[in-house]
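For reference, the chain that follows is the form predicted alone, supplied as structure tokens.
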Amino acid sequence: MGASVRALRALLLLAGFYLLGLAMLAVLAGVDWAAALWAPSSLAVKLYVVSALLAVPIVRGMFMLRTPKDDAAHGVLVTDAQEPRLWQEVRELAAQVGTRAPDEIRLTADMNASVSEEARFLGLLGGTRRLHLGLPLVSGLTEAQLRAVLAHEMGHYGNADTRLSAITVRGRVQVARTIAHFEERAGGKVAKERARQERKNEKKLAKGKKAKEVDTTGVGLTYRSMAKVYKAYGHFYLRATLAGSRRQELAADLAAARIAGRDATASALREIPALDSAHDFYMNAYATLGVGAGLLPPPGEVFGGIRHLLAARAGELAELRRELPTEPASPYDSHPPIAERVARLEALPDDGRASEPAGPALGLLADPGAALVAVEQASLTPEALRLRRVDWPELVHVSMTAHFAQEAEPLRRATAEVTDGDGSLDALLNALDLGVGWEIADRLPKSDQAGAAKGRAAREFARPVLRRGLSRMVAGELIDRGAARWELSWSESASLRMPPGHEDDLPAALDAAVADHPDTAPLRRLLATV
């Protein structure tokens, strides 16, 4: 579908929104006219008021024309002088696509690359073009794969996708605003009616009478009914425009394959789900691990540290690349499924470019470390930037120690309550020896199923919870004595390094302490040797 046809379709869909508004206003006017001719004057006045109230959201939706602007300041702006190789690559790819290169390149903290354009007059005239390039994405790609990604984005420019998106976005915003206006008014009526009934109930209760249940059924029904009409058009609008978006993605894929090579483009697409999963895991398990303890990784490592994870878990990532997501397609998806896109590319004739250079894409940057630091400064909140920076081993040790101490706190409190003591590890071990461990365990947080259990079943629910809390307290004691330390691992979870010669003693000692007939002697011997 050519740009002219797509522009005409987008304009027709946008015009449909205004025609719907005019039709709704015409219906309201028709009802008012009929009421003036045949309805009693009192009813007619009420209908006039209702029509006026319903007309306000329609008119507001039609004439509030300002659409949200992209955040032009998002990311770190890099000039040709700062990143000459990157700019040269982007310009060459744009020339091969046959389109104007972006006016700005901005480095971001996203696992993504995207392009935008500040088009004018509903996309009829082009404007400032921006390429947003996520450094976490660059960290996981080869140069050939990054060229494919950049060629894909230039393909969107070449197909006028970014320029024509202004019309599409305008329609989506207008429909959403109108629906929001109606739902806001419906919510206001419900809140007002609820408040009225609650005041009435308060007066009844004050007189000793029984209060009625608050019932707002049917309140705001007219507004919600009008919103449903616009929601129906909104669903139609989204299905129509998002189908076009999916075709645009496939066209951009073909442009990338033509310029950067079939294999490089397909492999870049295979990387996306794997890198997405790795990035989410990295941010949760590593980059933000120390936030609760007031710590962050070294400068440049908050977003750049994913390189260590990708290198250490190459086998897992290879499996993710082979097994692409098979999620069912939806008419409301903006992109076709990755598996479909890869299959289309791999079905293309061999172009003989399988041996493209496989150097890391970060090599295109003049100073990757400085770029990662700059993106951190631009992306993190002021509060995050004030956190203390430590190296990775120290961050893991301090963070895991604090995390275990927090997890041990419920058991400390329960021990203090039962023993009327300080809740220390020694007090807990004495309580276990005295046979009151299950009384302590009964005070720990439990699931509904565990709370309903009785007798032996209740003990089996409590045993792993008690053991887990005890392990946290023992670990804290060993760490405080300097006998144990948390070790960083990029290939698996962090592990607690035990004293030499006692690496395998802790699990059996914990099992003995929470057995039906508790025996804390193994734990006491372990603690006595350090």
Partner chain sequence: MKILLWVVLTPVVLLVLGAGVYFLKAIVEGAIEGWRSDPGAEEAAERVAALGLLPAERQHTELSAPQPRAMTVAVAAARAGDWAPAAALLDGTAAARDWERRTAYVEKLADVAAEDDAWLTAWEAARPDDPGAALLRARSSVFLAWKVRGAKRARYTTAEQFEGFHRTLARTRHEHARAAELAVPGDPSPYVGEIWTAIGLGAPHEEMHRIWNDITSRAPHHYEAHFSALQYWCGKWHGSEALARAFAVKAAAEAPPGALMTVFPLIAHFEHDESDSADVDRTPEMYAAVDAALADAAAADPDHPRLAEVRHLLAYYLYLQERWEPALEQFRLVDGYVDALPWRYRGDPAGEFCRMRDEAAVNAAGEVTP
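Numbering follows the first chain given and starts at 1. Definition used throughout: the rigid core is the maximal C-alpha set that superposes within 1.5 Å between two forms. Being a predicted model, the structure only gives us computed values, none of them experimental.
Beyond what is shown, the protein has a form predicted together with the partner chain; the following relates to that form.
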{"property": "In the predicted complex, A180 touching the partner chain (heavy atom, 4.5 Å)", "result": "no"}
{"property": "The partner chain contact at W38 in the predicted complex, heavy atom, 4.5 Å", "result": "yes"}
{"property": "Distance check, R459 to the partner chain in the predicted complex, heavy atom within 4.5 Å", "result": "yes"}
{"property": "Contact flag, P499 vs the partner chain in the predicted complex, heavy atom cut 4.5 Å", "result": "no"}
{"property": "The unique member of A354, A243, V291, A450 whose heavy atoms fall within 4.5 Å of the partner chain in the predicted complex", "result": "A450"}
{"property": "Contact residue in the predicted complex, from P382, G315, P349, G455 (heavy atom within 4.5 Å of the partner chain)", "result": "G455"}
{"property": "The partner chain in the predicted complex: contacting segment from 487-495, 24-32, 38-46, 51-59, heavy atom within 4.5 Å", "result": "38-46"}
{"property": "CA of L496, rigid core aligned, shift of 2 Å or more between the shown form and the other one", "result": "no"}
{"property": "Per-residue C-alpha change between the shown form and the other one, A35, threshold 2 Å, rigid core fit", "result": "yes"}
{"property": "Residue shift check between the shown form and the other one, rigid core fit, A44 Cα at least 2 Å", "result": "yes"}
